[in-house]
Ligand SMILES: Nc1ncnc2c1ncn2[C@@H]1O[C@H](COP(=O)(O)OP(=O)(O)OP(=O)(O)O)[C@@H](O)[C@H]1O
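Take a look at this single chain in structure tokens; it is the form predicted alone.
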Amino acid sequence: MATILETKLLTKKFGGFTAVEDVSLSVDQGEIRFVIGPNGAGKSTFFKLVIGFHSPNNGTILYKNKNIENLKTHERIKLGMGVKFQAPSVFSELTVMENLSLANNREKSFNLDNLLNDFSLENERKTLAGDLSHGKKQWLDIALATLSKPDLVFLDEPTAGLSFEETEKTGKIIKKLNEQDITFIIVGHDMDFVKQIATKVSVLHLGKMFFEGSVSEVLSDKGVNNIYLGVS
């Protein structure tokens, strides 16, 4: 399987504080990769480095073997990336359909009716995005990030604030999109969600890569249990 994203010795410092240190990661096409870790592990900083929100002090970021660490976020999106931040970034004063139509500016995109059905938004076409439930705002945001059929989508805490049932449905949506050739990198901490859909997991701790493996390998590793799950 071809590598779609690779970071090499990625480092980010804020003054005297090193938030991410020498993180090397390789993601193959077709994966649903989770990046997890306790608070302060460097997950959000790593996410922002890869999408272009922060610039690294050192290291390289390769997307389809192309160096992108000097590109702006919108330039990375043009290369075939989709991004969803933790807080929904929908346009509250526009309807669901208007949000999707505004984002649907590429030839290569999903059918809007199918997308609405997949995200359980078919009855919300004319609803203002600001009036949606929190869960449906999250789904609309994921729909916006995947509408143009990007090759790689980054999701930051996509199930934050969702119920168990909404989280489970979010997993099913992501798996269906993954089957349509979208690779996912997901920053999260919900282990039930990780177990539901992850194909591989990377664990960060104190800004460094601590462990990588399958879900079962991560769950059974004593070091991960110690630092992340609070189990000795």
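Just so you know, these numbers come straight off a predicted model, no measurement behind them. When you see a residue number, it is the position in the sequence shown, counting from 1.
One more form of this protein should be noted, the form predicted in complex with the ligand, which is absent from this view; the next part is about it.
Peer 1: Hey, of 66-74, 174-182, 31-39, 193-201, which bit sits against the ligand in the model of the complex at 4.5 Å between non-hydrogen atoms?
Peer 2: This holds for exactly one stretch, 31-39.
Peer 1: In the model of the complex, does E157 have a heavy atom within 4.5 Å of the ligand?
Peer 2: Because a heavy atom of E157 falls inside 4.5 Å of the ligand in the model of the complex, the answer is yes.
Peer 1: Verify the contact flag for V224: yes if a non-hydrogen atom of it lies within 4.5 Å of a non-hydrogen atom of the ligand in the model of the complex, no if not.
Peer 2: V224 lies outside the contact set for the ligand.
Peer 1: Using heavy atoms and a 4.5 Å limit, would one call K169 a contact residue for the ligand in the model of the complex?
Peer 2: No, K169 is distant from the partner.
Peer 1: Does Q86 make contact with the ligand in the model of the complex, using a 4.5 Å heavy atom cut-off?
Peer 2: It does: once the ligand is placed as it appears in the model of the complex, Q86 has a heavy atom within 4.5 Å of it.
Peer 1: Do any residues of 1-31 have a non-hydrogen atom within 4.5 angstroms of the ligand in the model of the complex? If so, which ones, in sequence order?
Peer 2: Residues within 4.5 Å: F14, F17, A19.
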